[in-house]
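So this first bit is one chain, no partners, the form predicted alone, shown in structure tokens.
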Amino acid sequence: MSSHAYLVDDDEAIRDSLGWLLESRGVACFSYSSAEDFLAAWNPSLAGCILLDIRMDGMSGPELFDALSERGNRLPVIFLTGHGDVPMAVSALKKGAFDFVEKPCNDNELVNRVIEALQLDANQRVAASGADSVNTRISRLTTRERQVMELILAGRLNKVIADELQISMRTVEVHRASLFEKMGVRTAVELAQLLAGKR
């Protein structure tokens, strides 16, 4: 399933410029001129992330965010905020929004955050696609990688893992990098989250 950025903003100039910016970095973008339009188009199978303006005519960004949350939305949401909207954006973060970016924003920084949100969504979908997929990945690990993984999950640092397994720290790092790649995660936290339902 391909993922997209869903841009919800009632300012046509911003929709055009951000849409072009995202497409120029290889991120497909669908634009909506109102929260109501996006809410009508939303369904649980959408993949990607939402770029959401806080202040819009009609339903506001935070109101849309709440409505989507009630419907079980799992897409990461990045709020686009004007200078005075930061308290509202912080409140949204506490409710589970992915991030907020102040307008006018640094183009590359914004696209980088969108790409991170798309990656988060992809990782969550892989994790949610069921234990089979996780089991398949675990089955690809070598015995040593599994030992390293168990110790990482137990919160051990590389140096302690090296001592416990009587191998060099460099070897631990190699196993760690390899198992992270096979498991499709970038950090120990992501690994723990991926396996949370398995343990």
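Note that residue numbering follows the sequence shown and begins at 1. Throughout, rigid core stands for the largest set of C-alpha atoms superposing within 1.5 Å between the two forms. Being a predicted model, the structure only gives us computed values, none of them experimental.
Although it is not shown, the form predicted in complex with the DNA is what the next lines describe.
Contact annotation: I138 falls outside 4.5 Å of the DNA in the predicted complex, judged by heavy atom distances. None of the heavy atoms of A13 is located within 4.5 Å of the DNA in the predicted complex. The DNA in the predicted complex is not approached by R25, whose heavy atoms all lie more than 4.5 angstroms from it. Interface membership of T143, defined by any non-hydrogen atom within 4.5 Å of the DNA in the predicted complex, is confirmed. Exactly one of the stretches 30-38, 66-74, 165-173, 44-52 approaches the DNA in the predicted complex with heavy atoms within 4.5 Å, and it is 165-173. I14 shows a C-alpha shift below 2 Å between this form and the one not shown [criterion: core-superposed Cα displacement of 2 Å]. Superposition of the core reveals a Cα shift of 2 Å or more for I152 between this form and the one not shown. Once both forms are overlaid on the rigid core, the distance between the two CA positions of D57 between this form and the one not shown is under 2 angstroms.
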